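Coming up is one lone chain in structure tokens, specifically the form predicted alone.
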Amino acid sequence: MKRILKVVGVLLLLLLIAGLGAYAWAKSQSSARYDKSWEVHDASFPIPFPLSEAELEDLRRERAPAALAVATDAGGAPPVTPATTDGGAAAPDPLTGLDLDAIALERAVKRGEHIVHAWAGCFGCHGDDFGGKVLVDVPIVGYWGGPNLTTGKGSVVEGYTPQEWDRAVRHGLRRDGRSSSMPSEEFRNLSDRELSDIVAYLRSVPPVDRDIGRPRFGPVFAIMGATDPRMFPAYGIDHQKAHPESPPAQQVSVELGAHMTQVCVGCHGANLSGGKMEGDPNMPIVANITPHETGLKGWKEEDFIRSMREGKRPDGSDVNPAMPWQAYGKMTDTELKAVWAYLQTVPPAEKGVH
């Protein structure tokens, strides 16, 4: 009996040693992948984007009567512009005296707020105040959180240049060019203007003092990172691919729907068929949003919009609250209809082929 216990003890000790060795190897491999440096193309854009020619013309049309009235009442000579009054005299420039930079920033902040709250979902990882949020803190799994995006203490984006914002959001890289856990596969197709608008909005939110700290690899995270580099999105992104300057036009189109649906792949998978999320046992099974029998086949446009606006399926059942329909319901009618139009073009796939 003692001999058997001794053999069992030796076996358990060997298993412990092997386990510790495997963990040490996995942690080393994961850390190496996390700390890999990447060469990225140079992407630069203004923050905010200046007013477009179309916006300037709209402003001129809006202000033209008031500008002409002011110039006439003043009794002075109006500024010389290519435009003329009906009498042939030079008409005043309606934009004279306007702070066009301030107007451009105000509009960029408004657009950025819509992107962040209606479909980009930044608060899901970074908190409702964007000051950072701990997402996982379980010793056997590891520690991971979305960092502070405000201008307060602990911010990871303080002083970021447009190029650094590009690397962080669209390439999944830290400021020094090394890998991060930012799910950039969902945002790599953001246009320059959309990213500029997001930054303009985030710079406008109140500062929050909070330091989330670096991720730490517990056994689960270490094994995941060592066996599958996709844990770090930078490994699946073309870092030399150029980004569009502007998003698709705001009209019901498959192009706009495809552009906005990029944020869905993180949960629903590249083919949008849903299924069980890898590496997260607490995450519910994700719905299939392809036009398959196990997905949205039989749904109508109004059913889809209702599910996003009210959290109700066509049969009256509730959409799982893990699906942030309250946020996506803030999309405009045009955007939701465009998403629906795109989903009708996706190849049907059986649920779970994630």
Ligand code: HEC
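One-based numbering along the sequence shown. As the structure is a prediction and not an experimental result, all values here were calculated from the model.
Heads up, the form predicted together with heme C isn't pictured, but that's what we're talking about next.
- Name the stretch, out of 218 to 226, 115 to 123, 236 to 244, 101 to 109, where some heavy atom lies within 4.5 Å of heme C in the predicted bound form. It is the stretch 115 to 123.
- Query: Candidate spot 141, 150 and 201, all three in 4.5 Å heavy atom range of heme C in the predicted bound form?
  - Reply: The answer is no; none of 141, 150 and 201 reaches heme C.
- Query: Can you pick the one in 318, 301, 293, 35 that has a heavy atom within 4.5 Å of heme C in the predicted bound form?
  - Reply: Filtering the options by heavy-atom distance leaves 318.
- Task: Would you mind picking the one in 323, 51, 43, 47 that has a heavy atom within 4.5 Å of heme C in the predicted bound form?
- Result: After the contact test, the surviving option is 323.
- Query: Using heavy atoms and a 4.5 Å limit, would one call residue 214 a contact residue for heme C in the predicted bound form?
  - Reply: Contact check for residue 214: yes, within 4.5 Å of heme C in the predicted bound form.
- Contact label in the predicted bound form: residue 249 to heme C, heavy atom within 4.5 Å: Taking the distances in the predicted bound form, the answer for residue 249 is no, it never comes within 4.5 Å of heme C.
- Contact test in the predicted bound form: residue 206 vs heme C, heavy atoms, 4.5 Å: Judged by the heavy-atom cut-off of 4.5 Å, residue 206 is well away from heme C in the predicted bound form.
- Message: Even though the partner isn't displayed, in the predicted bound form is residue 183 close enough to heme C, meaning a heavy atom within 4.5 Å?
- Response: Yes, residue 183 sits close enough to heme C in the predicted bound form that at least one of its heavy atoms falls within 4.5 Å.
- Any residue of 148 to 167 that, in the predicted bound form, places a heavy atom within 4.5 Å of heme C: 149, 156, 157, 160, 165 sit within 4.5 Å of the partner.
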